[in-house]
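Shown here is one chain on its own, the form predicted alone, set out as structure tokens.
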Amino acid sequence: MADVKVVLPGDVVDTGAAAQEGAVLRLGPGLVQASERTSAAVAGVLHSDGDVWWVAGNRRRYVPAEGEPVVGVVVARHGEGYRVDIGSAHDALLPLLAFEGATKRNKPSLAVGTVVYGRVVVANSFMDPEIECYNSHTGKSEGYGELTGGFMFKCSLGLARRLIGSKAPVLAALGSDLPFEVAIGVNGRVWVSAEGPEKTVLVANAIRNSEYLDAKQCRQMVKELLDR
């Protein structure tokens, strides 16, 4: 098991090994860079994935960062697009053409209250955040867009980031016995859809219950829910 490194605000983060390999470092939430020194801005667990580094903590409010997937709710429409609540200090802008295949004549019409899965493309202290519901580099939706049906619920920011990891034990345990769809936003919102309301609620409850469980406990918890 890899060592867990906990950092506090002001702690210097050693990314020298990655820098020596010639990679361009990408700093995610919780890290700041001044000159050639990288330090933590919040308390949490330090993570790295290739050239990407970030600090995962259980902050109460989501702080947008470019490239992150989010689940949001449309709260208003205006001439240029939609305002979407993503749980941050300011609503995000979703342009009318930020969808796969959207044109001025053919674009989706979203009602207030619609749940969408998007990716943050603008995040800085001088502008409201902006999201898109497709990958602008490929032109494909890649799972982003309007989420119809299903059920959206909130969880801690820390749990949301763990769920996005490829080895989230609760999702693996559920997927082995139950077909379902899931969209996970690092903003602490999760959308799930399964065969019927009962199964959908079961999946949501399993994910909520998994926050402080290890892989073995997750499998046992899911088994007990399915046997009821």
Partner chain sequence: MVAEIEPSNVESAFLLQALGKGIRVDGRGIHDYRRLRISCGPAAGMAEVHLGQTRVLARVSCEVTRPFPDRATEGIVQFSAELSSLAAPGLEGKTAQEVAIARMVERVIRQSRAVDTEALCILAGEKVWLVRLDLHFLDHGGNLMDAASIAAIAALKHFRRPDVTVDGENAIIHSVRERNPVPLSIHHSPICVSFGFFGGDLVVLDPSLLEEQTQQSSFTVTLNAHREICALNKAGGAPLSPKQIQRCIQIALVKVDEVNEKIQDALKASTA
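Positions refer to the first chain, counted from 1. Keep in mind it's a predicted model, so treat the numbers as computed, not measured.
The discussion below concerns the form predicted together with the partner chain, not included here.
Novice: From the candidate stretches 117-125, 96-104, 72-80, 130-138, select the single one in contact with the partner chain in the predicted bound form, where contact means a heavy atom within 4.5 Å.
Specialist: Heavy-atom contact with the partner occurs in 72-80.
Novice: Go through Leu178, Val42, Val201, Val182 and name the one with a heavy atom inside 4.5 Å of the partner chain in the predicted bound form.
Specialist: The residue from Leu178, Val42, Val201, Val182 that makes the contact is Val201.
Novice: Can you tell me whether Pro197 touches the partner chain? I mean in the predicted bound form, with a 4.5 angstroms heavy atom cut-off.
Specialist: Yes, Pro197 sits close enough to the partner chain in the predicted bound form that at least one of its heavy atoms falls within 4.5 Å.
Novice: Verify the contact flag for Asp85: yes if a non-hydrogen atom of it lies within 4.5 Å of a non-hydrogen atom of the partner chain in the predicted bound form, no if not.
Specialist: The answer is yes: Asp85 has a heavy atom within 4.5 Å of the partner chain.
Novice: Taking heavy atoms only, is Gln217 within 4.5 angstroms of the partner chain in the predicted bound form?
Specialist: No, Gln217 stays farther than 4.5 Å from the partner chain in the predicted bound form.
Novice: With a cut-off of 4.5 Å between heavy atoms, is Trp191 one of the residues that contacts the partner chain in the predicted bound form?
Specialist: Yes, Trp191 sits close enough to the partner chain in the predicted bound form that at least one of its heavy atoms falls within 4.5 Å.
Novice: Check for me whether the partner chain, as it appears in the predicted bound form, comes within 4.5 angstroms of all of Lys5, Trp53 and Lys167 - heavy atoms only.
Specialist: No, none of Lys5, Trp53 and Lys167 comes within 4.5 Å of the partner chain in the predicted bound form.
Novice: Using a 4.5 Å heavy atom cutoff, which residues in 24-55 contact the partner chain in the predicted bound form? It's fine if the answer is none.
Specialist: Heavy-atom contacts within 4.5 Å come from no residue here.
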